[in-house]
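To begin, one chain is listed below as structure tokens, in the form predicted on its own.
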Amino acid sequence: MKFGIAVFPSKKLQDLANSYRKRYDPHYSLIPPHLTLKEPFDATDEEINKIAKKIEGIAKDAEPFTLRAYKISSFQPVNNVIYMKVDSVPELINLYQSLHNEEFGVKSQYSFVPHITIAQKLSNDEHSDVYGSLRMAGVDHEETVDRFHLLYQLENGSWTVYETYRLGGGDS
């Protein structure tokens, strides 16, 4: 089964992201707006139980952090993804690094750029038009994140929560 790890922002930020995603992101119906902490990986039931325990330990040692989405940016020319850029605060970077040590195997194919995707799989012309208008609209949002989620992918391609972890070790 495929798993991933992500932060779901507040409803307010999700609503803002979805106002763009419903038009510009074909994955809109598969997963809510999120900040990816670990890209999809495969694990058996037995493996995911061990991984879930490791994640629990990481969550206890991690601190809540401020998620500040402060500008619209793009990964072009690598790909035509448009996103809300999120501040690289130390608590977020430490959490990401903890989820990418040797125990977790697969290294990310990209360097970590904290973000929430709002548009993807656009043609070059679409990207240019959409990016121009979204950059002018901008974003300025700040909130405290105190939890993250281990997700699994269903047969229809959508993602659902497998387990929720509180940062600092509080109860879910």
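In this text, all values refer to a predicted model and were calculated from it rather than measured experimentally. A residue's number is simply how far along the shown sequence it sits, counting from 1.
Quick note: we don't show the form predicted together with a further copy of the same chain, though the next part is all about it.
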property	result
Stretch from 35-43, 61-69, 121-129, 48-56 whose residues place a heavy atom within 4.5 Å of a further copy of the same chain in the model of the complex	48-56
Distance check, residue 24 to a further copy of the same chain in the model of the complex, heavy atom within 4.5 Å	no
Residue 28, heavy atom within 4.5 angstroms of a further copy of the same chain in the model of the complex	yes
Interface membership of residue 135, a further copy of the same chain in the model of the complex, 4.5 Å heavy atom rule	no
Check all three, 1, 18 and 154, heavy atom within 4.5 Å of a further copy of the same chain in the model of the complex	yes
Stretch 1-19: residues contacting a further copy of the same chain in the model of the complex, 4.5 Å heavy atom cut-off	1, 8, 9, 10, 11, 14, 15, 18
